[in-house]
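In the form predicted on its own, a lone chain appears below as C-alpha cells.
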C-alpha cells in the first residue's frame, strides 16, 4: 500500500482499451501561461539575437577578439541554429503513437499522481514553470513529454546533451519534439554562454513553454541522486532576481522504475567499459528490450516551489539594480550559497517522493547476505525491513492484502536474471560464471556486474536509511556513549560521504537530531541529555543500518590504501581510476574487499572527499597529488606524492 500522499492513475489502462492512432491524433488544446499564444521557433530566435544582453556580449567579444561585430553576430546565429528546438505538433503526434506502443510492451503500468497533475495545471497558468525530473534512464524525458501531452498540458522544451544530435534522423526528431541541444561544458566561451542563457531566459520570460532540465546534469548510473549542478538553475532564477518576472514555479518530479532498462549497461560503465555512443543504429539494435518485462513505473509531480518564497530573506535583489539588466553579472557569494542550498533541497524533495517497490528491500538484504537466504527467511526479513522503512518515512508501494511471501516471489520472478534460486534458497547469481573459459579477473567482473546491478536498486532506498545509518556507524566507532562524541563521529562521517549522498550543506545538527528521533521512535535508542544509549532490543537494527553503509566504507578504504601503498610518481589524473580499479581487483581476488569497490563512481567520490578533507592535496601548478596526515581521522602511513 502506498503511503497516503496522492492518488495514482495508471495511464496505460486507457491506452490498452482504445486506439493509439486516435489518441495521437486527438484534439490537443493545452492551457497556456496567462493565455498567451506561443511564438514560432523562428520568431524566438529573432528575439534572442536582437536582445540587449546578447548585443552587449557580441560587442564585448568583438572588442576583445578584434573580429567585426558582424562576424561575431554570425557566429552567435550559428550557435543558436545548432542549439534551438523546432517544436512541431506533427512530430509530437508521431511520438505519442510510437511511445504508446512501446510503453505498453515495456511496462505493466505507468502510474501518475493525479493531484500533482492538477497542481501543475494551475501552476502553468500563474507563473512560468520549470520542470525538474530525477534522471535514472533515457526514458525519463520521453515519458515527461508523453505525460504532458496526455494531460493536455503545454509541452516542455528540454535541455539535451549534444550527444543526441549525432543520431541521424532521431536527433532532428528530438529537436522537433522540443529538445534544445547544449554542450556538456562551455569552458570560457563567453559568446556561447550568452546565447544559451538568453535563449533559456527568453523562453521563460515569454511563458513560451515549461522548461525542463535535470538538476543532476546526467543520468545516475548508480541510481543514487547525484550532487546537483547549479548553472541552469541560476539562469532560470535570474529573471526573478532582476525583477523581470514576479515569480517562477519549480516543479520537482520523481521518476522511479521497478526494473531499469539500462541496468546492466550502467554496471558495465561503472566497471570502466565505455558507454556506447548514441546512434540510430544502436537504438534499432536496442529493440530487443521490447520483449522484456520492466514491471511498473511511477511518476510523482511534486508541489510547485516558488522561487520568490525560496529567496525571501536570503537574496538581496537590490544588488541587481546597480547595473542595467542586460549587463551580465557574476553571482555573488550569497547567491552561490542560495543556489546550492535550493538545489540540494529540490533533490531531497525528489528523493522523498520516489515511489519504492518491494524489490529494493529484497536487494538490500541479498547484498548483505552474499551466501543467500532461505525463501522463508528472506520473506520474514523483508517484512521486518518493510516496517522499518515505513517508520523512517519511505514511500513504499506494497500490494494490499497479499502475503509477504507472495510479494517476495513476484519480485524475484521479475528480477530472476540477477538471481540463483535453488531448493528454496535465494542468492545473487555471482557464482554463475559463463561456460566459456575465463580468467579469474574476468570472472570477478562478471560477478561484479550482477552485484552493481543489484546495488542500483538498494541505492534507491538509501536516502531513507542514510541518517540513521550514519548515526549507527558513529555509535559503533565511538569509544563512549557521550552525545558529543557520537555527534562528532556522525559529523565526520557526514563530511566524508557528502559527495556520495545528498546531504544539505549546514544541516549537520538537523540531520543528527532527525536520526536520533527516528531511532528513538523505533525503540532502538534512548537519547538522554548527555548520552545516547542503545536499548536492549536495538542491536539488530543498528547492525543492519551499519551494514547498509559498509560497502561505501570499504570502497573508500580501498582508495585510501591505494594512495598510501601503491601510488607512484608517474600517475596521471586520467590513469587514477583504472589504477584504483586494478588495485581493488587484486584485493577482491584475495578476499579482502567487496565488489562495489570496483565502481568508478565510488572511486571518484572517494578521491573528491579526500581532496575536500585535505587528506589529499592537488597542486595544480605542478599537477601533483599529495597525501598528508589528518590527525588520525583517515589512516595514513607517510606523505605520498603522485603526479596527477
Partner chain sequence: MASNSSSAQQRLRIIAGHLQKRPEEENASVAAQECKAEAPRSEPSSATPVPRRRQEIMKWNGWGYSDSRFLFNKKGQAEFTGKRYRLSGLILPSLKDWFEGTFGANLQHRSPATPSLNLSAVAPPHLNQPFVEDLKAAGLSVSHDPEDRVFRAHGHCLHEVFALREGRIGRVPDVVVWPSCHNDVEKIVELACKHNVCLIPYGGGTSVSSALECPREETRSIVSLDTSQMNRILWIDEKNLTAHVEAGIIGQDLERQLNERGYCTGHEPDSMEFSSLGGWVATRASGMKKNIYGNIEDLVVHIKMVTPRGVIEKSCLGPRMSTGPDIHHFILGSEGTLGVVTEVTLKIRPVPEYQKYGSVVFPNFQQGVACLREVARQRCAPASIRLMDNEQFQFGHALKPQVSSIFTSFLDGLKKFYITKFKGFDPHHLCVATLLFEGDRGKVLQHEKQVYDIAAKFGGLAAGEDNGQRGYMLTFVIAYLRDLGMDYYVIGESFETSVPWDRVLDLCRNVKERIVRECKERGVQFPPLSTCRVTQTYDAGACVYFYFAFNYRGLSDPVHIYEQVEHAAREEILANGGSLSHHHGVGKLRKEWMKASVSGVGLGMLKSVKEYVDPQNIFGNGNLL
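Residue numbers count along the first chain shown, from 1. All figures in this text were calculated on a predicted structure; none of them were measured in a lab.
FYI, the form predicted together with the partner chain isn't displayed, but the following is about it.
S.K.: Find the only residue in 306, 491, 420, 547 having a heavy atom within 4.5 Å of the partner chain in the predicted complex.
M.R.: Answer to the contact question: 306.
S.K.: Considering non-hydrogen atoms and a 4.5 Å limit, which listed residue (268, 446, 183, 242) is close to the partner chain in the predicted complex?
M.R.: It is 242.
S.K.: Are any of the heavy atoms in residue 574 no more than 4.5 Å from a heavy atom of the partner chain in the predicted complex?
M.R.: Residue 574: no contact with the partner chain in the predicted complex.
S.K.: Does any heavy atom of residue 438 come within 4.5 Å of a heavy atom of the partner chain in the predicted complex?
M.R.: Residue 438: no, not in contact with the partner chain in the predicted complex.
S.K.: Contact with the partner chain in the predicted complex for residue 247, defined as at least one heavy atom pair within 4.5 Å: yes or no?
M.R.: Yes, residue 247 lies within 4.5 Å of the partner chain in the predicted complex.
S.K.: With a 4.5 Å heavy atom cut-off, would you call residue 320 a contact of the partner chain in the predicted complex?
M.R.: Yes, residue 320 lies within 4.5 Å of the partner chain in the predicted complex.
S.K.: Of 311-319, 483-491, 96-104, 260-268, which is the one stretch near the partner chain in the predicted complex, taking non-hydrogen atoms within 4.5 angstroms as near?
M.R.: Stretch with heavy atoms near the partner: 311-319.
S.K.: Each of 34, 127 and 325 near the partner chain in the predicted complex, meaning some heavy atom within 4.5 Å?
M.R.: Every listed residue reaches the partner chain in the predicted complex, so yes.
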